[in-house]
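Read the single chain below, which is given as structure tokens and is the form predicted alone.
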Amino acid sequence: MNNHSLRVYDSILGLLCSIDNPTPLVRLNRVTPFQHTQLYAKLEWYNPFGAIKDRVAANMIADAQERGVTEEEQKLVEPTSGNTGLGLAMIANANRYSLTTPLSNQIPQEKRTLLRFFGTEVLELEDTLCPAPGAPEGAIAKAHEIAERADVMMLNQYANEANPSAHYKTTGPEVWSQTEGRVTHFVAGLGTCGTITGVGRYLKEKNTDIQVLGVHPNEGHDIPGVRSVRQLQQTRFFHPEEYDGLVEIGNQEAFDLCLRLNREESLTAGPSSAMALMGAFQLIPDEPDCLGVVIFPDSTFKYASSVVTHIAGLGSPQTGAKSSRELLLDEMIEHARFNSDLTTDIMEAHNLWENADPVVIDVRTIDEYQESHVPGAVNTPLLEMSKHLSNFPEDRDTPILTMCQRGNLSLSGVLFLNSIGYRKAKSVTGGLDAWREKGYATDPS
């Protein structure tokens, strides 16, 4: 028999969280800028498999079992940015199910390795960090393709009401109980939006004055598990009309605060936790009666390969630490990301493509280009640009758009073009992924 007071359980599934077995709520003392407002972090890595998505995985499987749509030896498929897959893998193991996870090859190596270690069949694809429902070659499309087989079931965290329901039934009641009803602000990062929607609905039923606040990253971010505003438009559980505030947090802001949380609060929080907390700093007023709860989805242990690219001094000097010149180039590229003279959003790029006949330079590899590209784009891989100057127009005032998969490599392409005198070159933010999500034409179609 499961006994929470003694912490004795019949199986690991007995550790799944509930109002009787909540994840901890820990007050923040050193990183907070507030004098009066109390801020608490809800540490979701205390779920049995290490992340808030354990709640969703458990509830989706329980819901399927209650509806009688799973059976012995059930085969499951789920597109994932990592944590849902990890939770599903372990709960599937406990139920003797198998799991296949199509996912982005941009997901941290640690997560992809763990999924395989847990027994999952991992299919790595060219996709955004969070799978995009509109991407025809993306993880979600691949999962739907696999789920067409009669013996395979897709639980689909992106459209399954058991996702927000998991938080309505567990996370929300835990927050209310742990704060003894004194919570005034609830803050969560936005990914599938199951957390903010489920918890928000529960807390609003308890007290309509509670502020439900959402935090999202900037376009072109690499914070795993969360979505930019553009990506959120495709998420079924994104209901901004139910939230009391939204704020965008920059990539570097999140990683810098992540470092502070680990070193100053001794909390092993991951970058999405820090992003949500930075949003709380901006959205919550500093007043004596304010008590904010911020969701910390998972720990930093799965993100070593991510943080090392954003925080200087973490790499081993003996194994390829970046030179001062390389660090300067990285900084230049990061500044270019937010320079409107060097970048353009996807709608402006499409309008220019339709009406101004710009030269489009696709800086990806030839294989990626041949798979799909903007009609009329010239393929000039980034590392070969200096060898193929004939691909560029003679007139240095010709409008040029640089394109890659997600809008990262194309920034380097713009800097190169600027360095040789082109004055109207711009990187397309969001890259080909954003282009296809808008339904714009590609070759081959």
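This is a predicted model, so every value here is computed, not measured. Numbering starts at 1 and follows the sequence shown.
One more form of this protein, predicted together with a small molecule, exists but is not displayed; see below.
None of the heavy atoms of residue 79 is located within 4.5 Å of the small molecule in the predicted bound form. Proximity of residue 174 to the small molecule in the predicted bound form falls outside the 4.5 Å heavy atom cutoff. Interface membership of residue 192, defined by any non-hydrogen atom within 4.5 Å of the small molecule in the predicted bound form, is confirmed. Shown alone here, residue 170 lies farther than 4.5 Å from the small molecule in the predicted bound form, counting heavy atoms only. Picking from 359-367, 177-185, 95-103, 221-229 the stretch near the small molecule in the predicted bound form, with a 4.5 Å limit on heavy atoms, gives 221-229. Think of it this way: in the predicted bound form, the small molecule has a heavy atom of just one of 217, 292, 297, 87 within 4.5 Å, and the residue is 297.
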